[in-house]
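Only one chain is shown below, in structure tokens, and it's the form predicted alone.
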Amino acid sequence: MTNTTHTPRVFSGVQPSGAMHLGNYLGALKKFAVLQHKHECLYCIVDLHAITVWQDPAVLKQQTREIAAAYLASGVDPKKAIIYPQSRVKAHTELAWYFNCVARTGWVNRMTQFKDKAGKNAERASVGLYTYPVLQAADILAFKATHVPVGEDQKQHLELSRDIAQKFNNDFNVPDFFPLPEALTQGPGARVMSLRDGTSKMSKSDPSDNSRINLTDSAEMIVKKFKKAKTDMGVMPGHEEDLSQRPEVDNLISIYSALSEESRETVIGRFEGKGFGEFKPALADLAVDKLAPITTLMSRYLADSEEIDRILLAGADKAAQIAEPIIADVRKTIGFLGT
């Protein structure tokens, strides 16, 4: 970490909407478990972001617990990292309003994800969906987090967080009050693609369940999904450059590499010239071996919702203890009466 003027602190969050899948595990959860041993970490369940589109209240509550169970089953230890639901820490919403008054509409207009999510219905989208990148900045900066694990699709939002932090510091003549958060690169497996379309990211919202490996899938289901995974009429390549026009094959090799913790070159060398009838079963067996313990642990945690709730509420208290003095300083800096 290069940020030296602030306490090194990592913040990240996962939205409780849809089933947790292999992409979430390889791109985030697996790395969260590693980061907790190196840095001070806060891992949020961003339920405020989830309600930018309508959510069934009962489903939202259950999915919040499922995200927590996935964190825990993937090795995140609540004694080492803070796990909590966003809505339980008021600093998120309070700072988001202050940042709404600092950020410029032109900045938010440039956020491409709103256009992707709203599509042709932009006029009917919630204001929350439009401004959620500002809330995302508040999520990070409420704790003066210095580093954020992000994928390619979130780098634009991290840049917005940096712009907002810089403008606040400049507007109120408080140099270095907020850090300018930096991206933590995630390495192999950070961007897992759909099993049905190698050009699209694996997603909870994809209508096809066969497009993803859910963390709750049985071994039989995992094998079935990899068997059906889209490839092409060729065989396994011998060199990286042979994959430039083969996105689905490229994706499966990346998944194997991330699960096995071997280089892509090693995987390519092992399966060079072999058919997918040999490679897919090998990949499926590897996935079952790595994911079965997580699925089992998730089931155990979800069978005890009171324990999950206890962990989340305790985490929220710890998160609030970090954020509240920062927000008090923000109020004082802005000039609110009584601060």
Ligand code: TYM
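Just so we're clear, the structure is a prediction, and the values are computed from it rather than from any experiment. Note that residue numbering follows the sequence shown and begins at 1.
Beyond the structure shown, there is the form predicted in complex with the ligand, which is absent from this document and is the topic of what follows.
Engineer: Given a 4.5 Å cut-off on heavy atoms, tell me which of 240 to 248, 99 to 107, 164 to 172, 197 to 205 is the interface stretch with the ligand in the predicted bound form.
Structural biologist: Among the candidates, contact is made by 197 to 205.
Engineer: My question is simply whether I140 lines the interface with the ligand in the predicted bound form - judged by any non-hydrogen atom within 4.5 Å.
Structural biologist: Residue-level check for I140: yes, a contact with the ligand.
Engineer: Taking any heavy atom pair closer than or equal to 4.5 Å as contact, tell me whether M236 reaches the ligand in the predicted bound form.
Structural biologist: M236: no, not in contact with the ligand in the predicted bound form.
Engineer: Could you tell me if A73 has a non-hydrogen atom within 4.5 Å of the ligand in the predicted bound form?
Structural biologist: No, A73 stays farther than 4.5 Å from the ligand in the predicted bound form.
Engineer: Any chance K224 has a heavy atom within 4.5 Å of the ligand in the predicted bound form?
Structural biologist: Because no heavy atom of K224 falls inside 4.5 Å of the ligand in the predicted bound form, the answer is no.
Engineer: All three of K30, T64 and P85 touching the ligand in the predicted bound form at 4.5 Å, heavy atom to heavy atom?
Structural biologist: No, the candidate spot makes no contact with the ligand.
Engineer: Name the residue from L215, I268, V150, L259 that puts a heavy atom within 4.5 Å of the ligand in the predicted bound form.
Structural biologist: Spelling it out, the residue with a heavy atom inside the cut-off is V150.
Engineer: Between 31 to 47 and the ligand in the predicted bound form, list the residues on our side with a heavy atom within 4.5 Å.
Structural biologist: The stretch touches the partner through V46 alone.
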